[in-house]
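One chain comes next, on its own, written out as structure tokens in the form predicted on its own.
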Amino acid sequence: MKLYAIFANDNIAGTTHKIFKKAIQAFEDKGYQIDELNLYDKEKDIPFFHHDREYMESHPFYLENQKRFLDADALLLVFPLYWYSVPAILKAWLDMINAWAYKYEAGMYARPLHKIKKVFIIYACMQEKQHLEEKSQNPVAQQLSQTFKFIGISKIHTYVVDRVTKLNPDEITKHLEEINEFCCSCA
């Protein structure tokens, strides 16, 4: 199994990066081959979506990610929550992959042009999980779920690290252990 692991945060010294590394290790331990992409390592190369199909389909980052995405069996996204959504760099990547990940014919969902069966979404936020789910209906989870369902990925697993800026070292360790269990049980 090949996992395309996407990290969308410029802080590689923070908790979100520790979460990413823990998740990757858990998937490696389960036998996955990991293809890792830190979007901020490629920030100057990522095109914003253009309706100019020739431009998009000839762009080097587009071509590289098309191959990596189409080679994957599963997808991992790790990011911080920004204003109830994904970071802009991840949104640009999602818009780009949606240009060739499916063929829309009719109905509610498109026909997938990939073989990805599962998406693992792990994100960190400052709010309490309860607030996200009860008060705001967790818009980031809804957005990503609908996006992935539309392109033919129905198994979507989500883990939230809430109150990330207030966590003490023991709480971080507990989350890392839970992320290991989450990845192993959902893999």
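Each residue number is its position in the shown sequence, starting from 1. Predicted model, so just to flag it, every value in this text is computed and none were measured.
Although it is not shown, the form predicted in complex with a small molecule is what the next lines describe.
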Query raised in the report: So in the model of the complex, does any heavy atom of Y104 sit within 4.5 Å of the small molecule?
Result: no
Query raised in the report: With a 4.5 Å heavy atom cut-off, would you call A26 a contact of the small molecule in the model of the complex?
Result: no
Query - Non-hydrogen atom contact N11 with the small molecule in the model of the complex at 4.5 angstroms - result: yes
Query - Contact test in the model of the complex: I179 vs the small molecule, heavy atoms, 4.5 Å - result: no
Report summary line: Answer key, the small molecule contact in the model of the complex at 4.5 Å (heavy atoms) among M56, I122, I153, C125: the residue is C125
Query raised in the report: So in the model of the complex, are T16, Y84 and V164 all sitting within 4.5 Å of the small molecule, heavy atoms only?
Result: yes
